[in-house]
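Quick setup: one chain, the form predicted alone, written in structure tokens, and binding and motion questions come after.
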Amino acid sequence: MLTLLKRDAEAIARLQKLRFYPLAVVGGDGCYLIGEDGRRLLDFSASWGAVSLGHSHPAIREAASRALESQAGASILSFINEPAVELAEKLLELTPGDSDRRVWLGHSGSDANETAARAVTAATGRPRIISFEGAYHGGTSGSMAISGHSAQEGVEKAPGLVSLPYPDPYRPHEGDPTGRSVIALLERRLSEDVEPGKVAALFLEPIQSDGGLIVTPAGFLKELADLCRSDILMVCDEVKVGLGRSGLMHCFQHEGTPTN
């Protein structure tokens, strides 16, 4: 009888698998995963952010069952449905800021980031994006184009993409654990070879996830936001670190990062 690992290798393509160990699971219960060998494994990864409320949580199961009992359509492309509107209203309520805002409902973090990249370049008329080495913003062509993860080496990048070192206190850029050298590098690039008026946005994971679970040094996010505030949009990719996972609803809130 083939193991789940062997069946996976024979049936599922290796494209974009970011696996760090050969773990095969058959179930989940609360904060535990159930391995194919029957072991109960404490899931410190929260399945990469997809189940921050736990595996098979009774309230989630009940809500999903209730929705399926009287499903108001499975798409918002063709008609309006109440659950989608209620979700959008709740997301707007949870997100700080008082500007004119709307919600775009997609399928995953990949198409969310690709849509954001397309939207900011179209809205500003500026072609360039700034992002960080080690960043994983998704697996679609547009989201990979602004990412810097090693698993996506060789992928065609966005024209004019500017890639900055992520401030890692344990492997500091230029020996500086405060992140100030990264800020100085960005300031230098903006004054020398990267015209600010050509940059639509800077994409940032407030905690870099697949790049190593790196927490930025204290004060870095606020200083970065202050630098970008006058002329460049800052897009926080919180697919894996938002919605309460860091202790606050939004990870960027830890430093009081401006939202407008």
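Just count from 1 along the sequence shown to find any residue number. As the structure is a prediction and not an experimental result, all values here were calculated from the model.
Separately, the form predicted in complex with a small molecule exists; it is not shown, and the next lines address it.
Q: Indicate whether S110 is a 4.5 Å heavy atom neighbour of the small molecule in the predicted complex.
A: Yes, S110 is a contact residue.
Q: Does any heavy atom of L243 come within 4.5 Å of a heavy atom of the small molecule in the predicted complex?
A: L243 lies outside the contact set for the small molecule.
Q: Does the 4.5 Å heavy atom contact test between Y136 and the small molecule in the predicted complex come out positive?
A: Result yes; Y136 sits at the interface with the small molecule in the predicted complex.
Q: Looking at the partner-bound form in the predicted complex, is V239 within 4.5 Å of the small molecule by any heavy atom?
A: Flag for V239 set to yes.
Q: Please identify, from 71-79, 183-191, 110-118, 166-174, the stretch that has a heavy atom within 4.5 Å of the small molecule in the predicted complex.
A: Result for this chain: 110-118.
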